[in-house]
Every structure is written in structure tokens, then in C-alpha cells.
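One chain follows as C-alpha cells, the form predicted alone.
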Amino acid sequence: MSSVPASDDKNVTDQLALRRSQSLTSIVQLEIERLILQGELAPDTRINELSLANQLGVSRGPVREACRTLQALGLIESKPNRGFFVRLLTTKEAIEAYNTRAAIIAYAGMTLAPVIEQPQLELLNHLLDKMDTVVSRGEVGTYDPINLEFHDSILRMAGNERLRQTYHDLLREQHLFRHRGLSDGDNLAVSNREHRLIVDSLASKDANAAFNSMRDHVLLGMQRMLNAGSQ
């Protein structure tokens, strides 16, 4: 009867431990990201590793690893001898991100317009109707996820996954700036009127019109963010 060498047993145990650690770190990362994007951890706030570890019921190791990953994603920064902090995005950085996002989404619209199909238009119109429903209530928290789904749907339909990923990386960085712009005045309604212009341009299969409407929507969103910040 053969037996598994002790060294093999140790390798298997080490691999299982590594997988559990990686899985735990991913869960912690998602939770920290949620806290940041929902404003529960404000920009320039120090990440209290011990407090978070206790809150999440884990050791400090997964929290530290999750912070390193979020640092690479641009949400967290490390300050020497002080630890991890939620990144404070400057206005200049936010403007650069908006301009880049505008170029990406405009290209996606230009690519999609000539080939868009009726079921895809129906999905976009359905999302617009859902946003119209919550606009009258002024519910940013309800509007925002549908708004994100609308943009992501266009990027998915355009079929360029690398552009989509780059767009989402930029969006993650500037989330708090963009949320502030939507929260101001009647900007929810204004934003959704721009969405309808986008869908109209896609329905017309006019690549140039789709490019312009999507670019303008993001740049106007940038202006709303700047206006909100100057008040």
C-alpha cells in the first residue's frame, strides 16, 4: 500500500492555505472598496487596519494585502511611516480622468452605432425608463447604480473588453467627484436627458452623432462636478 510522502502533504496544505488566504483577501478588498466608493471611508482618511480586521473578523494580514491591491488600483495610497490612506484625488487628476473617459466612451459609441441591434436598444431604453422613475424622487443612491449599468452596457455592446476595463479603472478613481456632481440641483434629470440623446444617436446608427453625444455627456458631467465643487 503506497503512502503520500510527508513533503507532498505539506505542499498540498500550503496550497490550500494560500487559496484560502487569497479568497479572504479578495473578500476584504471588496468590502474596503465598497466603504470607499459609498463614502463611508472619506478621502484622506487613514485605514485603521486593526479596526477593520476586527470589524470584518479577520487578521490584519488580509487587510494589509487588500490595501496593497487597492493601492495599485488607485483608491488607496501609502504614506511613509503613517500607513494606508484613502486617496484624495485632486481636481486636476479628476479632470484628466474625465477627459480620458470621454474619449473611451465616445469611441465605444462610434463603434457600436452602425451595428447596434434592436434588443440592445430596448435594453438601453429600459434602463432610461428606470432612471426616469427615480429622477423625480431625487434618489442619487438609486439612480447611480442604474446609471453605471447604462454606461457599462454600451461598453459591453461595443465589444472591446480592454477599453471597458480601462474605463472602469478611471471611474473607480473619480467616483466621489462624479457622485458629487450628480447630487447637485436637478443634475439627475439633466444627466438622463443626455442619456436619451445618446440612445437616439445610437438608434440612428450615426457613428459621428454617437461619438459626439457620448463625449459631450461625460464632459458635461465633468462641468457639473466642477460647478458643485466651486459652491
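Small disclaimer: the values here were computed from a predicted structure and weren't measured. One-based numbering along the sequence shown.
One more form of this protein, predicted in complex with a further copy of the same chain, exists but is not displayed; see below.
None of the heavy atoms of E117 is located within 4.5 Å of a further copy of the same chain in the predicted bound form. Taking the partner from elsewhere, G159 is found to have a heavy atom lying within 4.5 Å of a further copy of the same chain in the predicted bound form.
Using a 4.5 angstroms threshold between heavy atoms, V199 stays clear of a further copy of the same chain in the predicted bound form. Using a 4.5 angstroms threshold between heavy atoms, E96 counts as touching a further copy of the same chain in the predicted bound form. Remark: all three candidate residues (R64, Y107 and L170) come within 4.5 Å of a further copy of the same chain in the predicted bound form, counting heavy atoms only.
This chain is drawn without a further copy of the same chain; in the predicted bound form, the residue among I36, A203, L163, L52 with a heavy atom within 4.5 Å of it is L163. Taking V140, L148, L123, A103 one by one, only a single residue has any non-hydrogen atom within 4.5 Å of a further copy of the same chain in the predicted bound form, and it is A103. For the stretch 192-221, the set of residues having any non-hydrogen atom within 4.5 angstroms of a further copy of the same chain in the predicted bound form comprises F211, R215, L219, in sequence order.
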